[in-house]
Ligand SMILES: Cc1ncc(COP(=O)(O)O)c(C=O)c1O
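A single chain comes next, written as structure tokens; it is the form predicted on its own.
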């Protein structure tokens, strides 16, 4: 008997070291890079180092006091029991009212909304509901690493489309048309984009809509989680349904309280689509997460009542200056290219001129090498671009206090000075 097996109750029990318990898909799920960076940062902190984390995608402010109070009041009022699997009717109605207002529509009702455990589980549920084994879902890259993993969890196949700096890392109409050939189930579009912070302009959406009309059987999934975290004076990113409401019936919207309401840890998101899809999501949630806590949903409703102008002012007066200061600091460093974002929380930094070189004797062959060496050398944590499908970049979060940002920029500059060759 091999050393990787143990005897229990008179019979052989397979040990985890045999690597036969986990499914093939489970062993291939994406996210290893982010997990490795998180684990390494924890190790560095355990050594007593002051690690600056520029990895997390969340606003640099707290949930509003009124939302916190609403949650506490709901708990003391006894809202600690099971809730409807699709979410509280009042919250679903509030979501439809805000969505109809933002998209200039009058068509969404509560029956079109499934409240879920964050936008991530909402998207996971949508993919489980629409995908059969072997289906193809198109994903333009760079893209959030969880997209591909969730598509694979639905036993479907991601078809990645590489974009370039020339198109602000957004898919072009020509690339879209080519990617949709051959029986595609859906396309997943994220605007503003994580990791680049760029979004489709109205005229760009118009061109994409013309192509999408050529493929009437393709579902359109819009991840809108950053749609209100924009620097534009309107306070809202342009949307496909602004200019192509005729595509509404096959468009599925994903959003959450996480980013725009600074409620990442509350885990309240939602999917909006046709009633048949929403009922399927309700059944899936009933058999998996069951429901969301009632008091978190009450908190989100309270947060949604607050003036939209508060976020617009914060993005203009706080986030834009923070973004520009960090971007200018990084762009002044030789060899770095920094895309100018239109929103979201990130800077997409081109490190290609440092790849293939050595840093204090260590070869930097990939974005993971770059990120790990930066963490080891200067205790600054960033996310390697390989997590988003583009290995010559790293993602840096600028949503941090100004002193932290200044320190981070200074440390990165010191790190770059250590390169040879």
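Positions refer to the first chain, counted from 1. Since we're looking at a predicted model, the values are computed, not measured.
Just so you know, the form predicted in complex with the ligand exists too; it's not on screen, but the next bit is about it.
Practice item. Answer with one of 256, 113, 299, 91: the residue that has a non-hydrogen atom within 4.5 Å of the ligand in the model of the complex. Key: Selected residue: 256.
Exercise for review: Name the residue from 260, 194, 99, 163 that puts a heavy atom within 4.5 Å of the ligand in the model of the complex.
Suggested key: Of 260, 194, 99, 163, the residue with a heavy atom within 4.5 Å of the ligand in the model of the complex is 194.
Exercise for review: Decide whether residue 348 counts as a contact residue for the ligand in the model of the complex under a heavy atom distance cut-off of 4.5 Å.
Suggested key: No, residue 348 stays farther than 4.5 Å from the ligand in the model of the complex.
Review point. Does at least one non-hydrogen atom of residue 190 fall within 4.5 angstroms of the ligand in the model of the complex?
Key: Judged by the heavy-atom cut-off of 4.5 Å, residue 190 is in contact with the ligand in the model of the complex.
Practice item. Check whether residue 267 has any heavy atom within 4.5 Å of a heavy atom of the ligand in the model of the complex, and answer yes or no. Key: Yes.
Point to revise | 4.5 Å heavy atom contact, residue 120 to the ligand in the model of the complex | key: Judged by the heavy-atom cut-off of 4.5 Å, residue 120 is in contact with the ligand in the model of the complex.
Review point. Which of 178-186, 241-249, 217-225, 283-291 has heavy atoms within 4.5 Å of the ligand in the model of the complex?
Key: Residues of 217-225 come within 4.5 Å of the partner.
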